[in-house]
Structures are given as structure tokens and as C-alpha cells.
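Before any questions on binding or motion, here is one chain by itself as C-alpha cells, the form predicted on its own.
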């Protein structure tokens, strides 16, 4: 197994324990909120990867002193008023989270001098009108290139208000919450279903009274409501613990579920219900999921150690209201479906078409290359699983999409021979240690 593009079958069960890499979504938010806090903040468990370092670079360019020492980050904040207009464009790299959330935050800072946000070729194709339009409706001045990057944020007067979002998007919701927080005005967002709530959890942990219908809920269908009052307080520096990223851990969990004889533990995963829909999907597929050592991090996030073992898999279904809690895991869950007996159906997954790539088309292509019968529509995917039959050898171009590269690597573990996966270098975007962690689980079996 190597980064050169050739991935070998597992050759035996996976076993052992690894610590999940720091959560990418929470690492972004911890840097952002620490940068507009007063005093020193220490972020523990930070994911040092290309996307999160883009956020660090943006706030350094805005004048915030930030030191990164592995998974420990020290931020010297001086409040939002200390953010300075950047002389050059703020480079968000491949990170949609950086671009969308920073846009919202800067749009709400009273008297901010302005900034232009740019990204790489992939990010420059992603839709930004979904944040620009509601921000502008509430008095901000956010300019895009026909709804795409670059984004220009000019001095405006964000007044807040109520917004009904046509999509369940944590990035849209968070952009509006951060704008309202900076402007000190009330904001309410209603979503078609609950999206991940890391922004709300961290704000509550920092003393901001955010109300959310999803906060103490269980998986439910229907609208979700989040409200931020016109809060007059200020954020203070603190220690913020980042739990493990369940989106990254999902690749190791599915690998354990499909490689015969495997049993793997991933320690320290964030398991907030608005994010951990992958666990329910695994269970519906017949996988036994054990949670151990449950606790709540200093950033307000439920955390646990997760143990996954191989077993007989059956077809399963994903419904539209479940999609926001597992949107990033759908490619690897499709690999799981390919190893199940029976038909699996993913509904309401059209959002995959506007990720770093058209993930819906690439996921279908990957499973077809594995030898599975696949059907697709504009926003649905159906896969007829092969059961315990090995996947066919395949060649696959991940189109520099980190989630697709990892999903293809997992699929190759149960192929009948070595497979070629192009684009493995993209794993540095979110999970630089993926191959090392996977190798450690293979090596431990033979020790």
C-alpha cells in the first residue's frame, strides 16, 4: 500500500486501536472563535491538515497571532475589533468551511475595512450565493462572481433577522450565526432538517446563549430551529478540546466492517447526534457498534471510543432527513453497501453534486468499477451489494477529492487484487495520517 496510487487488498483482518484525528469542522471553528476572543486560547487536539491550516492562515493575515505546534494551537485574540483589513486576498485553499464561515464572521464585524476571499480551482466552482444572499438581505455587503468565488466582503450594517434555509447546511447556518454574534444582533435560522451543530455547541461552551431545537434531540425528521439573541457579552480566551473526527474515523470503521475477521477501536470520536449519523447507518447494515468511555469535551461535544467488528451485512436505506448527519460519509457508506447482501438506497443526496467534486457521480462510478450494479438519479443512489464476494480489481480517479480517495482505498481492501487509485495526495486535506493509521491496524494483527 502506498501513496503512489497502488492499493493492495488487506491480506488479513484489521485489529487494534487508533486515536481518531482531530475533528476538521471543530478545528476550524475553534480557531475562528478564539481569534475574536479576548486573551489567550489554547486549542488541544487540533487537526493539522491543509484545510484547517487555511483557516489559520486567513486569521494570521487578519492580524491574529497564532502558533501551531502539532495538535496544539495557541491563539492570542484581541476581540473582533482588532481584525485588520488584509492587504492581499485571503486564500482559503480547498476549504469551503473557511470561505463560508469567515465571510459570515467578517460581514458582521462593525466597521470592518473589507477583504477578498479566494480559493483553489475546486473551491472556485462551489456555490457561494447560498451565504451571500441571506447575509445581504440582512444588511451585509457580500459580493460574488455570479454566486461563485472570489468573495468580496465590504463594510455593511448587518441587522440580523429570521431566515428559512432551503437546504440543511451547517455552513450557511454558521455564517449567519457568526455574523449575528459579531454584530450583536438577533438571528434565527429554520432548516428543513437539523444540520451539524458544532458552532452552537462551541458558542454555548463559551457562554453564548444559543437556543436550538436539535440540542438535546434524537434523530428526528422535520424542521430544526436555531436562535441567537442580541448578545452583549464578549468571548474570553480559554482551553478548547477538539474531539476526534467521525468523518475520518468512518473510513476505518467501514474497513473493519467489510474485511472478514476484523475488530477495530477508534478512540476519542465526537458523537454529536447531528454529526454521527454514520453510526446509525452502520447499525442498520447489521454492524455491531459499541460506544465506550462517553464524556463531554470542554468545547461542549459528546465524545466516545467506538468499537466496530466485521459481521454479516444487509442492505440499508438512508432517508433525506438523515443525510445532513452523514453527508461526508456517503461515499464510504456506499462501499459498505457494496459488501452487503441486498439493495441499499440513498435518498436526498443531491448536495453531493456540489462538494469538492460531483461526489454522487464519482461514488456511483467507484461502485460500478468494483463490479456492483448501480442506479442513480439527480439526488438518489441505489446499490445492489455483492455480499462477501470480492470486489473486482479497479482503477479509479478520485479527482483530487479526499473523501473519494479514502473511500476507494477502503474498497480496494476487499478487491480481488491490487487497485490503482489516483489522487491519494488529496488525503492531506483532511486526514494526513490515514495510511499510517490503516497500516498500524494491519500490522498489529501479525504481532
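No experiment lies behind these values; they were computed from the predicted model shown. Residue numbers count along the first chain shown, from 1.
The following text describes the form predicted together with ligand S3P, which does not appear among the structures shown.
- At the 4.5 Å threshold, heavy atoms of residue 25 reach ligand S3P in the predicted complex.
- Mapping the unseen interface onto this chain, residue 344 falls outside it, with no heavy atom inside 4.5 Å of ligand S3P in the predicted complex.
- Contact between residue 274 and ligand S3P in the predicted complex is not found at the 4.5 Å heavy atom cutoff.
- Contact annotation: residue 328 falls within 4.5 Å of ligand S3P in the predicted complex, judged by heavy atom distances.
- Per the 4.5 Å heavy atom criterion, ligand S3P in the predicted complex is contacted by stretch 97-105, the sole one of 370-378, 97-105, 332-340, 75-83.
- Only one of 130, 152, 225, 314 comes within 4.5 Å of ligand S3P in the predicted complex through a heavy atom, and that residue is 130.
- Think of it this way: in the predicted complex, ligand S3P has a heavy atom of just one of 282, 168, 264, 235 within 4.5 Å, and the residue is 168.
- Contacts of stretch 405-425 with ligand S3P in the predicted complex, defined by any heavy atom lying within 4.5 Å, are made by none of its residues.
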